[in-house]
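Presented below, as structure tokens, is a lone chain in the form predicted alone.
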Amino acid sequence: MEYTLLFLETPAEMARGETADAPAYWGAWTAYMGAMAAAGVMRGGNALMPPATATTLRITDGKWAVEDGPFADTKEQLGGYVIIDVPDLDAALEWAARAPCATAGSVEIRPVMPNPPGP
């Protein structure tokens, strides 16, 4: 079954990637992604640009409202995601627990919705 792991980090944790601590920060992520690839469970994913680069669109009564920045004020920010293919939720939780952000932020685990049957 496919699951998407959404990696949520605190602003302070995300900032580590641009400080003197960057080699350790990026090294942990590289090792984690490498472990998933080596295990054959990773199907895809990407890191995301910082939340300050986001644009949010809402449509009310047919009118667009475009705002700079992420959609909500949160203590954690979406830093990236990966899609894995594992037997069950327990296996997805095991991989999520190994994410570098699991101790300072969180990992949201969501099953991927199956494609609807064709016509």
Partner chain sequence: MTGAARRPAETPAAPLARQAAEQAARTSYGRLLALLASRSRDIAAAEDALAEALAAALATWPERGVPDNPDAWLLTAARRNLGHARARGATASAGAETMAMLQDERDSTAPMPLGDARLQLLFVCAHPAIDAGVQAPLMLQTVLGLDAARIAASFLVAPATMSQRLVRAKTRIRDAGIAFAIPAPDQLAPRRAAVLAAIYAAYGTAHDDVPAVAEAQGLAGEAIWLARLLGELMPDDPEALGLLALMLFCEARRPARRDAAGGFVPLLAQDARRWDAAMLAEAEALLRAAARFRTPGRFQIEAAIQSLHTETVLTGTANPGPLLALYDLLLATAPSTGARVGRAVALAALDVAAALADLDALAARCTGYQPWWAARAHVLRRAGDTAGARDAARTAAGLASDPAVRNWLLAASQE
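As the structure is a prediction and not an experimental result, all values here were calculated from the model. Residue numbers count along the first chain shown, from 1.
This protein has a second form, the form predicted in complex with its partner chain, left out of what is shown; the following refers to that one.
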Would residue 99 show up as a contact with its partner chain in the model of the complex if we use heavy atoms at 4.5 Å? yes
With the partner left out of view, is residue 90 within 4.5 angstroms of its partner chain in the model of the complex by any non-hydrogen atom? yes
Taking any heavy atom pair closer than or equal to 4.5 Å as contact, tell me whether residue 28 reaches its partner chain in the model of the complex. yes
Contact between residue 19 and its partner chain in the model of the complex at 4.5 Å, heavy atoms? no
I need to confirm a contact call. Of 86, 48, 35, 54, which residue comes within 4.5 Å of its partner chain in the model of the complex, counting heavy atoms only? 35
Can you confirm whether 3, 106 and 113, the three residues that make up this candidate site, all sit within 4.5 Å of its partner chain in the model of the complex, judged by heavy atoms? no
Across 39-54, the residues having a non-hydrogen atom within 4.5 Å of its partner chain in the model of the complex turn out to be 39
